[in-house]
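Coming up is one lone chain in structure tokens, specifically the form predicted on its own.
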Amino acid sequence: MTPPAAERIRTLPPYPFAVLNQRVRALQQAGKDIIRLDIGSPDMPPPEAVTETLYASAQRPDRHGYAGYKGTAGFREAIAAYYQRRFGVTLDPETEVLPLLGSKEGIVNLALAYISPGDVVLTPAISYPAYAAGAHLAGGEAIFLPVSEKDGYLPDFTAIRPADAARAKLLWVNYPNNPTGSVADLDFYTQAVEFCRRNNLILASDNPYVDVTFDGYVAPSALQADGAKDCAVEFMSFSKTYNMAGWRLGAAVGNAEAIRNLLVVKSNVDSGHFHAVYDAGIVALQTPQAWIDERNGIYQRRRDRILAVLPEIGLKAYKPAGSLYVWARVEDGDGGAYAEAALEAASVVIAPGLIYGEAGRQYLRFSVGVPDDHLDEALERLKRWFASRA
């Protein structure tokens, strides 16, 4: 017999993808051949030089002790060099760069660093679940900002109620966006920075898809906006840019005070990465643009195959310029019901839009991180299933 779990756990909804994974595993154990189009995980390996560096570093006897709560100086310097090269943003590797165990833990830990009971996190009404979950675990709450397809899923800062802004500590933005694939320009980030500076908020920019873009689009960083380092923290990740999702390597960069407070939480929770992972990360940051372009070209072709099939299966979507996803609206019905029927009848898993908030109820999220043969088979199954309903 054990005591009851803490209130924060009892009232926290299960992580949606953990629940979905259990469902899929049960079906697979029952003999079902399931194809997953729901997971935003790259299906291709990292650049070869990255895995070679990991192996070589792991052979060194001096690479098996603690690498430090702030990671290695070389890794932080490589992150700063990437931001200078990619965005023209200057970062102090000592005070404005902090390695993370993947950006997700940084998202939740930033809430623990800043949110107290009664405090608020502002987040778009369609957004990654960890933004609201972090607020909940810290004893605060999330206030959801209306977004819509016609406005490019960008929140209107002028519509935020002064009373909500007064209670808030963090404002989350995420472009290229998960799940919608929508993007933001530098003018949007300038408005976000101005709003946060006026209201004494941290602008938390979750930016893991910044280098997963299509049709020649180049995504900006929130830190490029004037005055951004006064209030902004950006989360970057190796998961999507370098196909390293399982490596759990990322970083928080930006406002030095926020980075310092995030480190206070992290140093009490984890002890950093294996040294060899940092060494491999340095090499990843030097990946030629040609490798990224070739990989993105594969994703773009998959995106286009999904878009071409959607009208045949009762769905509609605009063409996303970035991210790993196609965000599709159910023309006649509910996204959750559609996803359930597709799983039961076609053995294809699609992420219900409700995972990302009530405003996503009519939508589904397709991932392009699926091998070509699996994607083609899944789309054929969906076409056969949908046609059989007529």
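Nothing here was measured: the structure is a model prediction, and the numbers come from that model. Each residue number is its position in the shown sequence, starting from 1.
Here the subject shifts to the form predicted in complex with a small molecule, a form of this protein not shown in this document.
Partner contact region in the predicted bound form: 236 to 244, out of 290 to 298, 308 to 316, 71 to 79, 236 to 244, criterion any non-hydrogen atom within 4.5 Å of the small molecule.
For the three marked residues, 335, 355 and 366, no heavy atom of any sits within 4.5 Å of the small molecule in the predicted bound form. By the criterion of a heavy atom within 4.5 Å, residue 206 is counted among the residues contacting the small molecule in the predicted bound form.
Among residues of the shown chain, residue 169 is not one whose heavy atoms approach the small molecule to within 4.5 Å in the predicted bound form.
Although the partner is absent here, residue 107 lies within 4.5 Å of the small molecule in the predicted bound form, judged by heavy atoms. In the predicted bound form, the small molecule sits within 4.5 Å of a heavy atom of residue 102. Only one of 86, 275, 248, 229 lies close to the small molecule in the predicted bound form, with a heavy atom inside 4.5 Å, and it is 248.
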